[in-house]
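The chain below stands alone and is given in structure tokens; this is the form predicted alone.
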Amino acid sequence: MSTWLVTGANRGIGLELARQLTARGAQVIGTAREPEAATELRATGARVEVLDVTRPDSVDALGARLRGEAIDVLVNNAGIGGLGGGVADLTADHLLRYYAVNAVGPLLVVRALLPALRAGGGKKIAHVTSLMGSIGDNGSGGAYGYRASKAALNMLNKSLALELGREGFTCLVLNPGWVQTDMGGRGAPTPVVESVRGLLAVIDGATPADSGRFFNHDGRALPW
């Protein structure tokens, strides 16, 4: 039985990941900032752990609790969205919040969980990013904090792929699409079930040769 850890698993894409993974027999550790309120996550059969990716002490505490365990696959799903305004509307706090949640947090989670990931047989790390983090695809501008933080996550993953690839790890960034969740809105074109089914297919099929790459949920390679 494989063990997966999914951050931000109490709603949206993370919750659906927990549902589909437990349905196929995987052991799932799902994190939430308020685990006592994560009733839907708990109902999947997942083990619920507290984690706030913006707090290094919370990240390190999770790593300490899981020391001695084995994790086959890490999915860094926790993140924040929102488009924001133009450059005149930006503040340092606004930008730093995006970086803290969408880029710095996932990297600290990898660092904290490395002993457990090294003990696992899967050796896969997947980060849920966004096509809005693609510089080549940016034709509309705006969303400064969101775009830049996801582009930063993509670059951090590339460095992880190069460093951890020497140990046999496969590190990916995955675009889930515009998904029907609280973040994406009910007008989004992609049902969450479909997006997650695709994300899992990409992760399952990924090999070390794919490490460092940027994939869509349907398996297409995406521009940087």
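Being a predicted model, the structure only gives us computed values, none of them experimental. All residue numbers are counted from 1 along the displayed sequence.
There is also a form predicted together with a small molecule; it is not shown, and the following applies to it.
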Subject >> Interface residue in the predicted complex among Ala38, Val53, Leu62, Val28, criterion: non-hydrogen atom within 4.5 angstroms of the small molecule >> reply: Val53
Original post:
Counting only non-hydrogen atoms and a 4.5 angstroms cut-off, does Lys150 reach the small molecule in the predicted complex?
Top reply: yes
Subject >> Exercise: Leu74 in contact with the small molecule in the predicted complex, heavy atom 4.5 Å >> reply: no
Original post:
Is Ser211 close enough to touch the small molecule in the predicted complex, meaning at least one heavy atom pair within 4.5 Å?
Top reply: no
**OP:** Determine whether any heavy atom of Asn175 comes within 4.5 Å of a heavy atom of the small molecule in the predicted complex, and answer yes or no.
**Re:** yes
Original post:
Want to guess which of 124-132, 137-145, 84-92, 111-119 is within 4.5 Å of the small molecule in the predicted complex, heavy atoms only?
Top reply: 124-132
**OP:** Decide yes or no: are Ser2, Leu66 and Cys171 jointly within 4.5 Å of the small molecule in the predicted complex, with each residue judged by its heavy atoms?
**Re:** no
